[in-house]
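Coming up is one lone chain in structure tokens, specifically the form predicted on its own.
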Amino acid sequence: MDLMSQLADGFAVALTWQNLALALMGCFLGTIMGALPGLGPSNGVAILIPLAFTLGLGATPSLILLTSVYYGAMYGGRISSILLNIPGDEPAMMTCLDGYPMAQQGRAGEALALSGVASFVGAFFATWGLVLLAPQLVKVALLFGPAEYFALFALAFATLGGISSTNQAKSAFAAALGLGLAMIGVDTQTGVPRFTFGEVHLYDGIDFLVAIVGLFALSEVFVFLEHRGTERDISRQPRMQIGRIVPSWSLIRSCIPTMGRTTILGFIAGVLPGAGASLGSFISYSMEKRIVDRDNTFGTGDPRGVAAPEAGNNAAAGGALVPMLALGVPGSGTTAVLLAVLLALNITPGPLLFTQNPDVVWGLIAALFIGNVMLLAMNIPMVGLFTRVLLVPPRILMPIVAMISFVGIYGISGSSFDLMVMVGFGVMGWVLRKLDVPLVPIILGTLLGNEMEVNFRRAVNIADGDYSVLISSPLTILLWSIAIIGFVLPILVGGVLRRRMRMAHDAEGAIED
């Protein structure tokens, strides 16, 4: 009952006109961001961070806006997958396999509506999983000391590359680069400037919001400038007929067992560090195909092949919020960006968040329930509007992204130096993307580097300089073991998983050709 009363208090926070309007705006913008190929939830949230701060929003309204963008982008990724056979983001890759064949059969509207319902089911029940699991995880986290937190942060770095990662060396390099950036500034313990090179602006360290907007938003602009005129212009492709946009009850009923099974699988994948929505989508589709595809209809336009990955990846998105809120360790790339927002608002995620800022966390969770209902109500009748977004040429979209980035960052800090740092991060992000180096570990290193260093020093000082304290308790040994497994497992199976995902997508594309 205490849980329900806290959730009721959260709804009291979320059900204000301002928060409802922000949730609606976030859902709408997030769906648009997700529908545009190449943007996805991480970039969508990063682009709108300056807007949240420029509007002068408090902690709860800012998080409601940005998590609504997160959920909306997860919904929106399916639109270009179904209509154009181009995934809006990586988790939507599996939706292409049956969504695009349904569209070619004149059932695009049904596929879009069914995927919207599946997304709602996955996200709705994952939010209930967040309500039930996060407080229990908090009780465990209260047992953590400095050594356990250091091991936990190491686990986050070891696993955030994802189980489908093909190059753990690049992920480790990115994490080390992020940790190096976190060392810039005045040492909090000794007061000695580190790597500031006499520049006063660097004494406070690198502003991680500047780093995020540069690495994600501006690098996207630079990628567009590099490839303009050579990329496939989706706005000039022939438009697919939408057809009927309301699926029949018999169609939805036949997919209910699929949605139930894949929601559970997706949520588990989301909670696991480094697994994320891509794995949730892949295992949901693969397992469902093994269970129900007796007539080999998956890949030819089977509605269950649309419902499975959509329920799975949206459930994984909700599951990734569990470790972020309860432990302060992001479960995916987008939750790493949301973690930066919390830290910028002087709110420390982790076990104390539920006791020190209950209005923030429960208001956010209540807003997720409301946002899911908004997204379902929005994505079925307005699906025609969202498909028209695909007609917006990138040459119009990218200047808007650049404008929001510059105006937003300057509005936050009022410093032209931060604008130059942001451009520097944008160039760095563009170069790293060309080299296939993941950007999320850099952000994670910048965010958690100082906390990791503080806990390392604290643990060693308590033990009088004995470094074995870092592996002295059963909990630290467990965390280090998971970290090692999480780092080694992608080396062994990551290439196989990613190859199977691409082979499935390429095989479906070959059949259509």
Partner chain sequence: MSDRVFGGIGLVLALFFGWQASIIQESFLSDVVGPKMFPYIIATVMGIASIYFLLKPDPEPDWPNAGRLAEIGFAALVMLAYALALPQLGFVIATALAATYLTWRLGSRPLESVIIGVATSVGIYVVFRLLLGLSLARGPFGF
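Predicted, not measured: the structure shown is a model, and the values here were computed from it. Positions refer to the first chain, counted from 1.
Note that the form predicted together with its partner chain isn't included here; everything after this is about it.
For the options 348, 105, 189, 356, the residue carrying a heavy atom within 4.5 angstroms of its partner chain in the predicted complex is 189. Put simply, of 434, 201, 139, 388 only one has a heavy atom within 4.5 Å of its partner chain in the predicted complex, and it is 434. Remark: of stretches 294-302, 77-85, 191-199, 116-124, the one touching its partner chain in the predicted complex is 191-199 (heavy atom within 4.5 Å). Taking the partner from the other structure, its partner chain in the predicted complex has a heavy atom within 4.5 Å of a heavy atom of residue 403.
Looking at residue 150, you'd find a heavy atom of it within 4.5 angstroms of its partner chain in the predicted complex. Taking the partner from the other structure, its partner chain in the predicted complex has no heavy atom within 4.5 Å of any heavy atom of residue 289. Contact check for residue 449: a heavy atom falls within 4.5 Å of its partner chain in the predicted complex. Along 395-420, these residues reach a heavy atom to within 4.5 Å of its partner chain in the predicted complex: 395, 396, 398, 399, 400, 402, 403, 404, 406, 407, 410, 411, 416, 419, 420.
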